[in-house]
Every structure is written in structure tokens, then in C-alpha cells.
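As C-alpha cells, one chain now follows by itself in the form predicted alone.
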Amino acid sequence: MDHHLVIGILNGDDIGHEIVPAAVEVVKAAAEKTGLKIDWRPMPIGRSALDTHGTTLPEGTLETLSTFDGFILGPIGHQAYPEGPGAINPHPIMRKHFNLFANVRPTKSFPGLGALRDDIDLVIVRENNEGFQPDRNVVAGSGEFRPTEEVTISVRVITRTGSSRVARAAFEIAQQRRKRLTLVHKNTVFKLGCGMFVEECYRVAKEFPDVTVDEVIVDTMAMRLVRDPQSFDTVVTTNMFGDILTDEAAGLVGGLGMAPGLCIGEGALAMAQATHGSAPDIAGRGIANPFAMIESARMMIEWLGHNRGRQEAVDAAALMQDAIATALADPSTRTRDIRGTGGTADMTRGIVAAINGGTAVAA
């Protein structure tokens, strides 16, 4: 029996080359403490892969990743890629290829970081592989087209299967938390599309009688996230609604640097991917907030621990969780975007020091 977890390292672009190594360093420290054995496998992706392999997603990458337990994917700066057949945006392809249909995005406030409130603790589960996003909602071609110069048509795809499976993932998360799930939709206008989503959510709800379910229309949800975010626990919604609401939620607790994410599906593979972009304007300056990437990796380790029945992975994730909170409580070991005085390396050192039971040493 193989006792190692095999995890890929895909740095991505720009600040990805700073925050992904930070996440790996933190996981390594926690793994060493709990006896979790990890076989790390670096893989080329993004602009560096384009320069060395002629494509941002080299041939064989998907096949190799399919043999792993999970992988950390850094932010992708695809909008800055040059024109060319090899310059593609890899992460929508990965989500579809591995059927990673549920994007789990937690939002939690920590004291002293400038959060709107100190009692925010919610998770938004966003459907990941259909909806309005044209790179995900059809098998071939695009979900957007322009029949004339005057008209552009965008197609939103909602399926019973897609709605049902993301609902089940959300109910399972709600059951592990405070047993409350909010369905966010707009079936007052999208009577068929959102109507189908809601129907499937309630169908799945019958399997989880201990979870209390309510509904909120998406525009009302946008307002309530600002007014009373503490009233929500677990939220499930469609792709584009979730894309917007999770960025709004991140703004309540310190910005996109505080926005982790985990992509999961029906298979046994997990992808740690923070919500934010590659931030080329601050790349190489050592000031990027690594929290979102570190927490995304922590979520992946925890998920793999439960999925594989590996208690040492669950323990490593718990150790990381406590250490992250310790580092965030100290202004010297958090970055300037969250009212700190440190940089990327300072936060990383602070978390590792907390894992090891010591004190961070300034650079």
C-alpha cells in the first residue's frame, strides 16, 4: 500500500511563483509534524510553460495530473498571454477535464484585519462547469456568438445533473458545519433555468433532513452579504452568481488576498486554487498576501484526509489552521493589504514558526 499523497505543484503566473512555494512550505512543515508523507511533483503551466514548451498546457499534463491525489494551481494571468494557438487559459480546461464541478469558497473574518464584522464565517459553494461562462458550458464551440454586428447572444446552460451534484456537495458541507444551507438564485426572472436549479436543490434536500434550507434572490443576497453576512453559513448557487458573490464576500474580510478556494467533484482528485488573479503589478516585490493560496492548500489536505481516511492529513490541516490564525493575529507576520507590516516571506515564516511551536524570525 502506498502511504504517500502525490501532490502536483503548478506555480502559474506572476505572484504564483511567490505564493505557491509559500503554500508548499507551510504544508511541508505541517506534514513533517504529523507524519504525513507527500510526494511533491512540480509541473509546468502558464506563461513559463509557453516559453519552454510552446503551450501554456503542455501535452501529457492532464494525463499526469490524473494520477495524482491533488494539485496546487497558482493564479493564471491568461489575459496577458500573447496571441497564438498555444496560449490558452488552462484552468477552465482542468475543471472540465477532471469534472471539478464544485468550487468551495470560504469567507472568514479574523480580528484586526479590517473586516466589516468579526463574526463572518460562511462558505459559498459555486457550480463550476456550466452556467454563463462560455468556456465551460458547451462541448464544442462557444456559448457566445454574434449572428450580426449588432447582436451578441450569450447562452446560459443549466442542467439537472449539474444542479443536483453541486447541491449534494453543498449539503455535505452544510452537514459538517452548522446544518444551514441557503439557495441563491433568480427564479423570479429565470423561471426555467434558476427554477430547475432550485428544484434539484430541494430534491437533494430530502436526503439531508437535518439541514435547514432557505432561499434568497441573488440581488437581495448581494445586499445582505454587506448588511448581515453573519446570518449565513453555507450557500449554494450557480456559476456566475457565485463568481460575483464570492468576490463581494472576500471584500468584507480584507480583500481577494483572503479568498481561498478548493475545486472538487465526483472523482478523487482535488485542486487547490485561490480566487484571486495573478496580480502582475506586484509580482516579484515580495508583498503578495499568501493567505488565500496557503488556505486553499490547507483545505485540499483536509479534504484528502477525509476522502482517503488519512488522519495524519486531517491533523496536518488542523495544525495549519491554528498556525494561520496565530500568524494573522500578529501585524509583523501579515501583509500590508490586511493591516500588517510584513511581506510574503514574513507571513510564511510566521505560519511555519507557529506550526513548529516557535517564534518567527524577521528577515
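Note that residue numbering follows the sequence shown and begins at 1. Since the structure is predicted, the reported quantities are computational estimates derived from the model, not experimental observations.
Note that the form predicted together with a small molecule isn't included here; everything after this is about it.
Residue-level contacts in the predicted bound form: of S163, T234, S278, N103, one residue has a heavy atom within 4.5 Å of the small molecule, and it is S278. N289 is the sole member of T246, N128, Q273, N289 with a non-hydrogen atom lying within 4.5 angstroms of the small molecule in the predicted bound form.
Heavy atoms of G74 never reach within 4.5 Å of the small molecule in the predicted bound form, leaving it off the interface.
The closest heavy atom approach of G257 to the small molecule in the predicted bound form falls within 4.5 Å. Taking the partner from the other structure, the small molecule in the predicted bound form has a heavy atom within 4.5 Å of a heavy atom of I282.
Although the partner is absent here, Q79 sits close enough that one of its heavy atoms falls within 4.5 Å of the small molecule in the predicted bound form. Contact with the small molecule, judged by heavy atoms within 4.5 Å in the predicted bound form, is confined among 129-137, 142-150, 189-197, 249-257 to 249-257.
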